[in-house]
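Presented as structure tokens, the chain that follows is alone, the form predicted on its own.
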């Protein structure tokens, strides 16, 4: 390749660096020879457009998929925090302007997640670079139109009641929705047609089947736009599959547990099972005999506090069984304990608690950091990729309000702790090698 002022080399810059290093020289030479054979001293307009489109499409790789999905999750988390600060009691349906902004934010975070899904499909070979770029553009426009149609449909009528001159806002819902469906169906058609083009199906039935599937996919995408947590789940899935494509799970040193420690694991699990059974028994019977349980709801709240205490030995027991290295085991375990402590604090004055609103975000953040630490420590990818995956997992757990599930999850403790107390493991097959320590004798 010649200097950077060469028009062929400038076109090559539209491709990602890894692709340029692997294929750049051959690509430039081939394009130059083709142009010279046609009597051109520089790439034609068609070749330039094709290079730009294919180059941008090639940039939609696994790393770009993870970055886009992470960006969408981050936008969703930022929107939620902003909404909590601006309107702690929730957004009133009587405020159409603010609700309109919410729909704009929903589309703003759905678009990068959708882009990550398209990039992941491109990296796995489902879509060609050119088709992936077209699907991304059509899908982004369709999501924006759908968000505008939903806002006009849900809140435009309120504006029309206050000001009849604004009735056009409500009437715009139908054409906006139709345009969103048409463009979304086009994106779906491009996806399905690209997949069916590798089969022996003839052009006409392939086009008909692709069109029907495209309409169905467009409808599902519109429904998913309203289910914001669903998009967060899709984003985390995209990040996980991207990490699988970029690297994989590193080998973890199996934990060799001496018999004395295995006995400790079973003892801790047994203690946890006993405390958990007492908590569940209290929840069922306390209203009949306990002066503290004024009603069944209060009894359940007290039982949750007991069950959270009973979970502590079980968490420690699971930490003793986890594979090495120890730092990447006890660090996440400590964060889980922080989440449990935050939940315990939130329920100390329940059911009319004013602490839950603050304890759930703190607990969710601790659980997110714990899960991110546990997962990223076992990824065999670069540090930047692990950081990207960890941030995505943490933000998703905060958006999911994961700590809100702890008061429900603790009611499963007797079963989990009981199995661990009896078997010493929760796996189908015994992965732990119990070692009997022999006494040392002098010869």
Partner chain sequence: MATPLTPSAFWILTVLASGRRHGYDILSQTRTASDGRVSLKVATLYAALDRLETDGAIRADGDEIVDGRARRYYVLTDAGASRLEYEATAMAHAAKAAQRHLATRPALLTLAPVIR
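Every value quoted in this text rests on a predicted model; they were computed, and no experiment measured them. Positions refer to the first chain, counted from 1.
The form predicted in complex with the partner chain is left out here; the points below concern that form.
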Checklist entry - If we take heavy atoms and a 4.5 Å cut-off, which stretch out of 341 to 349, 291 to 299, 306 to 314, 191 to 199 is in contact with the partner chain in the predicted bound form? => result 191 to 199
Checklist entry - Taking the partner chain in the predicted bound form as the reference, which of 374, 400, 411, 27 has a non-hydrogen atom within 4.5 Å? => result 27
Checklist entry - Between the options 261, 130, 328, 355, which residue brings a heavy atom to within 4.5 Å of the partner chain in the predicted bound form? => result 130
Next on the checklist: Using a 4.5 angstroms cut-off on non-hydrogen atoms, would residue 50 count as touching the partner chain in the predicted bound form?
Outcome noted: yes
Checklist entry - residue 175: heavy atom within 4.5 Å of the partner chain in the predicted bound form? => result no
Item to check | residue 63: touches the partner chain in the predicted bound form, heavy atom cutoff 4.5 angstroms | outcome: no
Checklist entry - At the 4.5 Å heavy atom threshold, is residue 125 in contact with the partner chain in the predicted bound form? => result yes
Item to check | Partner contacts in the predicted bound form for 18 to 56 (non-hydrogen atom within 4.5 angstroms of the partner chain) | outcome: 19, 22, 23, 25, 26, 27, 29, 30, 31, 32, 33, 34, 36, 37, 38, 46, 47, 50, 51, 54
